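Look below for two forms of one protein chain, each set out as structure tokens: first structure 1, then structure 2.
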Structure 1
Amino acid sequence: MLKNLGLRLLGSLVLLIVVPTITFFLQGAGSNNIARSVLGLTATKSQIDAFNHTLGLDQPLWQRYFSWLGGAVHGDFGLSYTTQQPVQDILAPRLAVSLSLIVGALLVFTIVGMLLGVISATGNKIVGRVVDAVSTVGIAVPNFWLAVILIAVFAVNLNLLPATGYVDPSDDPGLWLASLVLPVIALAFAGITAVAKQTRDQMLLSIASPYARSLRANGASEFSLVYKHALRNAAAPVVTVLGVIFVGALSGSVIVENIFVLPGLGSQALQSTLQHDVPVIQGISVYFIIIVVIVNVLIDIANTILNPKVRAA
């Protein structure tokens, strides 16, 4: 079991090195005119040289990569090309915003999804059909359109919730929550339907399994078959799916943050991409991968607890 976890951690480490490396060289290839785009067309040659020198852009690409890597290991992601601030100072306050959004979405699609899944697995046929129909639609509605519709209905029309923007919880916890409701729903929606479907399918599989047949025939109650055996056996596969959905939601957060103008990592990522601000993007990709790694480890631990076969191995 520990060996398994170790192997997975090693894989995560590979991810942590490979992705920033790819992004670095991708960006480096297109970053010849950074000085020009930051300083403007009127900048003189000497201004540009000075700019390049301060940021180390006069060095060859591979040298820049290794000096970046050396700093990154110590949590120093270099200076932003556009603002010359340390990248970690730019990203730190934004991390909290992104985490509020992503963890919120994770909670919503896990809890609501599993609830719907259980209801449709155990309820009557009509409930099952409705959940089926809703999930076909739910999985097809793209999150950016859903976001716009949510804004149209709840912000513009009903004026219940703010359309865009973010309030720090230390300023006003109530407004903070209100500013997160719509983004979290938009981000979680596709995940809810996927979790519901997986929960339902796994529970039905368990209810129809040979062991359920044996247990039922030997006197186990229907309640226990559904709420003890089926639910317990659905847990591990559902948790695995949660991991996949989470990675998807992380990507989705970039778009959702831009729609709702949340000052998180995602909106910074887009802005920095348009400005070719390599160090900031590098920093964000490292943050994202670290989040993925942490979630993967948590899921591995959960699976170890949930699956007796893994636990014993």
Structure 2
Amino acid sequence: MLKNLGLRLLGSLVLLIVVPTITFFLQGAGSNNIARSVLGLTATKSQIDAFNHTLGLDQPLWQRYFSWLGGAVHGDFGLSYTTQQPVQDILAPRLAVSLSLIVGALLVFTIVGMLLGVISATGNKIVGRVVDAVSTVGIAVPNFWLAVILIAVFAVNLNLLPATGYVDPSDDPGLWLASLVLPVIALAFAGITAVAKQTRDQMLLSIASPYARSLRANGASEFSLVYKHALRNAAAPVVTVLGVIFVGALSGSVIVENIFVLPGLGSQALQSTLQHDVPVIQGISVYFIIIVVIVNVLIDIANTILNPKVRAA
């Protein structure tokens, strides 16, 4: 078990280096574009050259990369090209916003999806068909379209929830929760349907398995069979796919944050990309990779606890 977790951590460290490296070289190749984005289209060649020299953009790309990497190892992601602020000062207040959205979506699509999957597997065929239909719709519907529909219905027509904006929980916990309801639903809906379908299929396999028939023959109650035995066996495969669903939700958070005007990492990523602000983009990529690594490690631990075969390996 420890060996498997160690190998996953090692792979995560490699990912933590590879992704920011690719991002750096893709974004950092056009220093002239960076200068013109900051100085404007009317900037002269001498102004661009002076800007590049001040920020070190006239140095070879590999030299700039190793300079950035040396600082990043110590938590220093450099200065923003557009504001000259430390990148960590720009991103730190936005991290809490993104974590509120991402963690909320993870909890919602895990809990609600598994609950719907269990109900579908243990209910009548009509319930199962409804879950199948909703799952198909949920996977096909893009989160930006769903976000617009949610705003139109619950914010504009019914006036039940705020359409945009974010309230800090220290200011008003109630408004904080209200400001996250629609974004979390928009981000989690596809995950709910995917988890529900996966849970339903795994539950049906577990309930129809030979060990389930043996338990029934020995007098086990249906409640114990479903929630103590079948659900535990079905949970391990479901937990495994949660990592894939989470990565999709993480990328979708960029769109959702911009639609609901949430001051998180996703909205900053779009703004910094348009401005060619490479240090900020690099910092955001590192933050996102760290979040993915932490969630995947937690999923591996949960899978190890639920799956005896993994625990014995």
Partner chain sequence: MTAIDTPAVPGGPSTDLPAAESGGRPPSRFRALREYLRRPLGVIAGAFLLVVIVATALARVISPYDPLKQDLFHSLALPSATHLLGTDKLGRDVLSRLLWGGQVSLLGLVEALAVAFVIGITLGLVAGYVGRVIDNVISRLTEVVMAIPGIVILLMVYSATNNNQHIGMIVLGVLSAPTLIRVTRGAAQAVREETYVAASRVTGMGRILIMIRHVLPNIWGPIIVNTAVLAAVILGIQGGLNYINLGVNPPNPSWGGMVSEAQQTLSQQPWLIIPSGLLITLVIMSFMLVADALRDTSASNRSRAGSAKAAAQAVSADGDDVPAADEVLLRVRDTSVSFSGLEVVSRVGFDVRPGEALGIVGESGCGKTVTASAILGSLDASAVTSGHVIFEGQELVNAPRKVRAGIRGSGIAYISQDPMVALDPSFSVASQLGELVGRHDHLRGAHRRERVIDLLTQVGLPDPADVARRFPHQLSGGMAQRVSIACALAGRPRLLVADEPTTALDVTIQGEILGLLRRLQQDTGMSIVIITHDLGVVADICDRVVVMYAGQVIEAADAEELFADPSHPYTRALLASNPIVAEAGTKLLSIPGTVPNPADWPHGCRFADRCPLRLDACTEGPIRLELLPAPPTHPDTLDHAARCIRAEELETTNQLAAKKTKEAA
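By convention here, residues take numbers in order along the sequence of structure 1, the first being 1. Rigid core (definition): largest C-alpha set, two forms, superposition within 1.5 Å. Just so it is clear, the structure is predicted and the values come from calculations on it, not from any experiment.
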Displayed copy of the chain that is the form predicted together with the partner chain: 1
After core superposition, I'd like to know whether L106 moves between structure 1 and structure 2 (criterion: C-alpha shift of 2 angstroms or more). no
A43: with the rigid core matched between structure 1 and structure 2, does its Cα shift 2 Å or more? yes
Relative to the superposed rigid core, does the CA atom of N52 travel 2 Å or more between structure 1 and structure 2? yes
In Å, how far apart are the CA positions of L225 between structure 1 and structure 2 with the rigid core superposed? 2.8
